[in-house]
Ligand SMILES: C[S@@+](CC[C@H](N)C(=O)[O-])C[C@H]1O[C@@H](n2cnc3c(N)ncnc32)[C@H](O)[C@@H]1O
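Taking the form predicted alone, here's one chain by itself in structure tokens.
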């Protein structure tokens, strides 16, 4: 089993593959104001579909849930069917920088904790082409929440994701690329700890047992334990910012 296969196995049964919650999704959705009764929506980097399901439960329209890995899309399909939402959700295996949508065909693009894969600015530029005039973009992105922070955490994130920045600079990027902000908030600590890290930690032992404590499985667990410890130590300095903007 490859490392990618192990990571998919580690995450696919989780409600989410990153920090967030149903409450966060609904809060961001409250900043979207669309009149159409038959919306065309894309959830890019959907993972196993926690937010996809929430969107389907609160919006009328067709949702295309997109991920690079079929293992996650299989989970989306199972969850949608179990909840009677399969008529609203279709899945698509694709790279987020090579999407097949027609120009100006979507009312809403959603992406929680995934745009970092191609970079915030590259993502919003690319995806804007698919939005109708006046359509909305809602993305969560790792963001500094203080103006000053310890050099240890700054150096870590500058290495892991150089595009990390303050909300004001992220908003400026949106405005410079044809969007106007309609709402912003950063995820509370519970969205990291209660909704993401605690469920993650609960499955470490089962994951290791399932894979006979292989070297790769142990390494994945160690890396996630280190991530949890990092957040516990530096949680006052960074979070995911949720940006909701309208195409000008």
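Just so it is clear, the structure is predicted and the values come from calculations on it, not from any experiment. Residue numbers count along the first chain shown, from 1.
Beyond the structure shown, there is the form predicted together with the ligand, which is absent from this document and is the topic of what follows.
Taking heavy atoms and a 4.5 Å cut-off, does residue 95 contact the ligand in the predicted complex? Within the cut-off, so yes.
At 4.5 Å between heavy atoms, is residue 117 in contact with the ligand in the predicted complex? Residue 117: yes, in contact with the ligand in the predicted complex.
Hey, in the predicted complex, does residue 68 get a heavy atom within 4.5 angstroms of the ligand? Looking in the predicted complex, residue contacts with the ligand include residue 68, since a heavy atom lies within 4.5 Å.
Partner contact for residue 136 in the predicted complex: the ligand, 4.5 angstroms, heavy atom: No, residue 136 sits far enough from the ligand in the predicted complex that none of its heavy atoms falls within 4.5 Å.
Candidate stretches 148-156, 107-115, 128-136, 169-177 - the one whose heavy atoms come within 4.5 Å of the ligand in the predicted complex: Single hit among the candidates: 107-115.
Within 45-76, which residues have a heavy atom closer than or equal to 4.5 Å from the ligand in the predicted complex? Going through 45-76 in order - heavy atoms within 4.5 Å of the ligand in the predicted complex - the hits are 45, 46, 47, 51, 67, 68, 69, 72.
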